[in-house]
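The chain that follows stands alone, in the form predicted on its own, written as structure tokens.
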């Protein structure tokens, strides 16, 4: 029993520390890709659709493909895999690569929350979207911007993936419906020592209180 627990905690809390390949992290990419604030407020789904998804993606990822990128809801559903495949493992697009400008548009759009509409000129920045205790909200507002740099296939913490089903099925007991206190995901983000997730050593900040509370509440409510 003690050996089993040791293996679980070793895999869960050291996953971001060992990499099979050299992959840029969020901090590196932010330095390379970041746009000025006045450019970020202009980003919208329509701009990204016309500049990136239609010319580069939907010829393969249309209604006939396994991953549909023809609509905003479908793109949001696949945002985690889009970020990973374009910027981390760099396997997409397979034929016609994105230009540097297209990469910057896509990176910054994802980083500001993948908004449907651009911000109105001269308007105040919109308040942050409240995080709901649902997988969709947690995935969009926590996992995609803060976790998938490491926790996706081909990346350094590939042992711990963050789709809902993978969390529920993990032998590491990451999400035990109705039991947040013994769920590995909650333990990882709520701990305050050096094994905290996201890892302090890579320059990432701990999750905010409302982010940790949303994960706990989601699992407590049954992780639906």
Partner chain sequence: MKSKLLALAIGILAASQMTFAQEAAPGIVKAKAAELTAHRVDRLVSLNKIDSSFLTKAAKMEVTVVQNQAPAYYKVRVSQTQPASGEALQMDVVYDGNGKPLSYTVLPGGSAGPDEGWTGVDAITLMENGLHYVLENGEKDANVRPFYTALTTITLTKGQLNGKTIARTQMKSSENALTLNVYVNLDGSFVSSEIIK
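Positions refer to the first chain, counted from 1. As the structure is a computational prediction, the values presented were derived from the model and not from experiment.
The same protein also exists as the form predicted together with the partner chain; that form is not shown, yet it is the one meant from here on.
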Practice task
Choose from 42 to 50, 180 to 188, 29 to 37, 66 to 74 the stretch whose residues reach within 4.5 Å of the partner chain in the predicted bound form, heavy atoms counted.
Solution key: 180 to 188
Exercise for the section: Report whether the minimum heavy atom distance between residue 171 and the partner chain in the predicted bound form is within 4.5 Å. Expected result: yes
Problem - Non-hydrogen atom contact residue 164 with the partner chain in the predicted bound form at 4.5 angstroms - result: no
